[in-house]
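Just one chain follows, in the form predicted on its own, and it is written as structure tokens.
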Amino acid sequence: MKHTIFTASVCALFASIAAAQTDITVAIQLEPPNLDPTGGAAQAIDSVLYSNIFEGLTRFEGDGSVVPGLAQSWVISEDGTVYTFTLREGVTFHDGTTMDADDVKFSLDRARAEDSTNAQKGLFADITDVTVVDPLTVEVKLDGPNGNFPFNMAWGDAVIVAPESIENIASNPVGTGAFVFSDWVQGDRLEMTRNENYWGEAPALESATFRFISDATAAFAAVMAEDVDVFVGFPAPENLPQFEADPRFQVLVGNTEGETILSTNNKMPPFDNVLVRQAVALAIDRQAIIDGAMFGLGTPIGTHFAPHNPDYVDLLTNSPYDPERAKALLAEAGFADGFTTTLKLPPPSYARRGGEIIASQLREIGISAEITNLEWAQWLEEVFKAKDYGLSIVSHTEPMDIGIYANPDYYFQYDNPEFQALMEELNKTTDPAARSALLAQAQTIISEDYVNGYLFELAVATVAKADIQGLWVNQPTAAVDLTGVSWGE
């Protein structure tokens, strides 16, 4: 009898443990400065909210493909200038209000408005009109054909929001996603719970907590102690072999869309001189940065384009490591004795560690780069908004975002009418071969103009408990999509 009771107790215990595995704690390095993906540039906003809280007309899958989101289908006019989206029926926002064509119009008009703070206004620049046909049909007119439009609508900057909840979106995000925002303890964590009224397939997880751990040592300690279940973008790659050897964990290493660049203020003297920018590019030993800052994780790039993209052009020979040539270029530009500039670094390890290495490399050619370490909100204010910097290091994690070089007001302030015209032509081109040729031209122009120092494509390392399933290996956009994540049996 005692044996039977003991067996029943053990079974009950295991059943309760299994039932308990419907929550998850995910750590990431950067905390969002706010919770509005349509009003800010910080990658961390999408990392937490993309697909989990907010959804767009289309969405990215983990393999990079674009699939229907809140739009179940769309029709393109014969001339390629009108997209008619059919929305899913029965979709509600987390506050219970209905998501319909009026919300799509509101979201797209808000994103493209003159006073919009959307970080990627270029995604909406060719929209001339948004018309509500009926509650489940919306017509978007463009100023020319754009075969890339469904791709553009999958970005986190293009998610659908509602006028009823927009006022407090930065601190209380109300979306249509599989999880509902619950709480945000700034400096520590953000919590969300399963959306029981979700229109799509219900997630396996009942709740999720995102923790923000910026320090690499603290990140290692949190994972080893199993205080977190997953760390996406683990900031200390030198520790990965230790996790790989530990059966408690799995290590996933994938690609991102993150072109890591030595961002250069093209309007600030002396960087308004292409010879100076070229000298900087030739002073950089990419492999030393990859090895020293990333412990070998990363792929060298010679332009702003992902090497895994089939349209990537290898332009590394435009900026080989050649410090003697760099010194000669500086002298030719009138800076034989070098100069002093700022190097403002955001928190990620690739920036802080890489910045020390780059500063040392620049010293070898006579450039003194004075390092200032900034928190993410400071970086967005000083560098991205105010453009108050000489050099910086950042990964641009948005997918295929070479179009940012066509915006002269973008923070690195590159103003090239030839490039701008090329991007306009690209947007109007639907033939795949013609698009590939235009993208090759675009990559070559910015490489030969040495707009920025092109360093490496950022790899993403995820350390997770061994029995967690459904995590993205690659990051086709900056997202920690939990909609398909579950605990194994």
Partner chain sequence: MIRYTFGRLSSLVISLIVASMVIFLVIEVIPGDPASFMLGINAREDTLAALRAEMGLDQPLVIRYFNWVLGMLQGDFGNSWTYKTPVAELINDRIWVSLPLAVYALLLSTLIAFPAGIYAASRRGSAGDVTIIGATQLGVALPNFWFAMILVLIFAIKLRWFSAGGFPGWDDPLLAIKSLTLPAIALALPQAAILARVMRSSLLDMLGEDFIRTARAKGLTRRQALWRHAVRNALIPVLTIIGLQFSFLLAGGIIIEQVFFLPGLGRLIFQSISARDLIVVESVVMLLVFTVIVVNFAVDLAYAAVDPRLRSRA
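Positions refer to the first chain, counted from 1. Just so we're clear, the structure is a prediction, and the values are computed from it rather than from any experiment.
Another form, the form predicted together with the partner chain, is not on view; read the next lines as being about it.
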| query | finding |
| --- | --- |
| Candidate site 119, 211 and 218: all three near the partner chain in the predicted complex by heavy atom within 4.5 Å | yes |
| The partner chain in the predicted complex: contacting segment from 450-458, 56-64, 433-441, 35-43, heavy atom within 4.5 Å | 35-43 |
| 83, 181, 271, 376 - the one with a heavy atom within 4.5 Å of the partner chain in the predicted complex | 376 |
| Option touching the partner chain, based on a heavy atom within 4.5 Å in the predicted complex, out of 164, 381, 238, 291 | 381 |
| Contact label in the predicted complex: residue 363 to the partner chain, heavy atom within 4.5 Å | no |
| The partner chain contact in the predicted complex: residue 229, any heavy atom under 4.5 Å | no |
| Partner contact for residue 295 in the predicted complex: the partner chain, 4.5 angstroms, heavy atom | no |
| Residue 285 within 4.5 Å of the partner chain in the predicted complex, heavy atoms | no |
| Members of 289-318 lying within 4.5 angstroms of the partner chain, judged by heavy atom, in the predicted complex | none |
